[in-house]
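One chain comes next, on its own, written out as structure tokens in the form predicted on its own.
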Amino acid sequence: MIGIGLLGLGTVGQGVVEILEERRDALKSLLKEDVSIKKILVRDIHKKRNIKVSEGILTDDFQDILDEEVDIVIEVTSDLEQSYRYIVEAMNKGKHIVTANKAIVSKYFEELNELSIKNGVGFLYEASVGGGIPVLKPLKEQIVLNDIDEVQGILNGTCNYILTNMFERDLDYDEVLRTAQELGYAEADPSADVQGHDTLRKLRILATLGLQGKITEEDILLEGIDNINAFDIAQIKRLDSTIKLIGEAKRRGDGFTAVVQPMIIKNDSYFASVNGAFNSVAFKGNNVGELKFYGSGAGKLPTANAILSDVIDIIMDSHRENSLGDDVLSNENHMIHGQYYLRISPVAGEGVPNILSEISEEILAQGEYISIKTKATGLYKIYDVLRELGLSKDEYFLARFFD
């Protein structure tokens, strides 16, 4: 009997319970023993829930999770610090860990990896990056045979849903966001998604694994989509293009660049076809070439499926030890270079056209807003111009033309 301790019984936790029950016989046939949830940690054991569990399984005492009958702890909360402490304590008690919590993995990646090795336990987190997309396991396999030079992807379903609907339905940002919240695609406070922090955390995990050197959250430049509006959509449509929020990390010699930003993509390119709440991740190896992964980036059952795939790997001892690499990579974000779309509100002062002319290749519109397509230039140069104009982040929208 394999005993599971589940931290959290929200949407994803309920998905884990449902799949384990539905696939019980198939799992027993594969693993030659039962997999059973022994305890589920919740805040309120008396709360009414949409799922039934056996009497005595719910607990509000974490010590019950450390019971000797629990072999694997599945963490599916949205908490950061308390769940981090739970994971550390469980590892120190010899429990394997499976988590979907990208905030914990991103913030404590190296520490938790070292702790798992020290205690001889598994630490798997497939669901933390692509939801239901199996991408981390293939990436871990390929870094043995390849130098990974680039990882990139559409990593947040909320942002992709908003951008897709703005384009397809000609709606403004606020209207689509309200719909996304009503449908459960966006949180009541969507800032982690739309400002790009969720994508940044996922890129931190992918980049550290892929490039085999420590790339922290602070190493990644960040632009979100919360300032996009219907005017921007109209301008981008005129360019036979669409727009996606993409996280991207690239190796540059002994260094790297890493950025999360909106990117303008030609309609006939691959990422342009990734719509709605779907995600896609791609990485390039020097031997295997480019590999692309596509699927549901979130959702109860896809995420629970990824979690239980990790559980199976732990039981079958078929998972790879996390190889985070020890390359010391320098941050070369000052080398990020390309053509950009920039929209600002009209700024008083005769010097504005002259300031913009430093970076402008083409004026796309001038009236209620000023929008330009820049020359091929450095991202830091554009930031210098924005500072010279005295613009804060909420007073402009910036997107790179995807190359």
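As the structure is a computational prediction, the values presented were derived from the model and not from experiment. Numbers for residues come from their place in the sequence shown, where the first is 1.
Although it is not shown, the form predicted in complex with a small molecule is what the next lines describe.
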{"query": "Location of the small molecule contact in the model of the complex, chosen stretch of 220-228, 74-82, 148-156, 283-291 [non-hydrogen atom, 4.5 Å]", "finding": "74-82"}
{"query": "Any non-hydrogen atom of Val42 within 4.5 angstroms of the small molecule in the model of the complex", "finding": "yes"}
{"query": "The small molecule contact in the model of the complex: Val135, any heavy atom under 4.5 Å", "finding": "no"}
{"query": "Contact flag, Ile205 vs the small molecule in the model of the complex, heavy atom cut 4.5 Å", "finding": "no"}
{"query": "Heavy atom of Gly8 within 4.5 Å of the small molecule in the model of the complex", "finding": "yes"}
{"query": "All of Asn160, Leu163 and Ala277 with a heavy atom within 4.5 Å of the small molecule in the model of the complex", "finding": "no"}
{"query": "One residue of Phe109, Phe123, Tyr173, Tyr86 in contact with the small molecule, assessed in the model of the complex (non-hydrogen atom, 4.5 angstroms)", "finding": "Tyr86"}
{"query": "Of Gln261, Gln235, Ser241, Thr303, the one that lies within 4.5 Å of the small molecule in the model of the complex (heavy atoms)", "finding": "Thr303"}
